[in-house]
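One chain comes next, on its own, written out as C-alpha cells in the form predicted alone.
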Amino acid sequence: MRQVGNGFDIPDWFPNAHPPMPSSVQYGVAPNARACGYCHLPDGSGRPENGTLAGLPADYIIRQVAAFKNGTRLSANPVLSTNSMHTLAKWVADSDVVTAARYFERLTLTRRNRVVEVTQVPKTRIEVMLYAYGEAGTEPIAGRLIEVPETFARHELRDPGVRYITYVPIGSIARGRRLATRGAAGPATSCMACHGADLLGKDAVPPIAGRAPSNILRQLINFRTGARHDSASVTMAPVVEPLTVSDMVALAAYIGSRAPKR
C-alpha cells in the first residue's frame, strides 16, 4: 500500500502493457507535481474521477494543462473550483508536459465501462471521489448518472484492468444518440458536427467515444456553467447552452457506450 500511495514513483502492475514511461509520467517532480500516471495510470486509461488521456491529441493535452495553469479550466463544484491539476500545472515544466502528451497520444484507449439503464439503482456510498457500492438494496435512479467500480479494492490499487458500471435512467442511450446526432438546437450543435460520426475526433478535436461517462458529464456541466472557459468553450458554448441536466446525463451515457476505436 505504501507503493500504491506513492505519487512520485507510481505503481505499474502491467509494465509490458504499454511503452516505457517518460519521467514525467512515472515520477513527476517532487514535491508539487505528482507523476501523470498516478491519476491517469500508465496506460492512460484513467479513472472516473480523472480524465482518460489515452489516444487524445498531444496538442489538446498541452492546451488543457495550460488552461488549468491560467485558470480558464475550472470546476463547477460549488465547494472548490480548483483541484490538484491546477497546482500541478503551475509546477510542471513545459517540456515535461509535451513529453507526457506525446506519450499518451500514442496509447490506445480500451473502454472499461458498461452502461446500464435502470429505474432502480443499487444503493451506493460516496467514497473519496466516486461512488462505491453501499448497503444492500436499491433506490430510484432519480435522473442521476452513477458510475461504480465493479471491485472497489481494485480501483484503490490503481488497477488499470478494473471494470466500471454506469447506471443511467431508462431511455438515456437513445435520447443521447438523438442529441449527439441532431443537436439540441439543430445539427450545428450536434456532437458529431465536430467530434465526427463515430465521435473519434478529428485533428485538434478530441475523441470522446468510450470515455468515462461521469467525466463526460462533469465536462458538459463545466462548460454549461461557464466554469470551463478555455479555448474550447467558444465552440462548446452553443452546444451546451440549451442542454438540461437530463440531456447531459443522456449524452454522457451514449458517448460512454460507444466504441473508442474503429
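Since the model is a prediction, treat every value here as computed from it, not as a measurement. The numbering used is simple: start at 1 and walk along the sequence shown.
Beyond what is shown, the protein has a form predicted together with heme C (HEC); the following relates to that form.
At a distance threshold of 4.5 angstroms between non-hydrogen atoms, V29 is out of contact with heme C (HEC) in the model of the complex.
Remark: M21 does not count among the residues lining heme C (HEC) in the model of the complex, judged by a heavy atom distance of 4.5 Å or less. Put simply, L130 is far from heme C (HEC) in the model of the complex: not one heavy atom of it is within 4.5 Å. Contact check for R34: a heavy atom falls within 4.5 Å of heme C (HEC) in the model of the complex. Annotation: in the model of the complex, residues E49, M85 and Q219 each come within 4.5 Å of heme C (HEC) through at least one heavy atom. Heavy atoms within 4.5 Å of heme C (HEC) in the model of the complex are found in one stretch of 147-155, 160-168, 67-75, 107-115, which is 67-75.
Contact annotation for 175-191: residues with any non-hydrogen atom within 4.5 angstroms of heme C (HEC) in the model of the complex are A188, T189, S190, C191, listed in sequence order.
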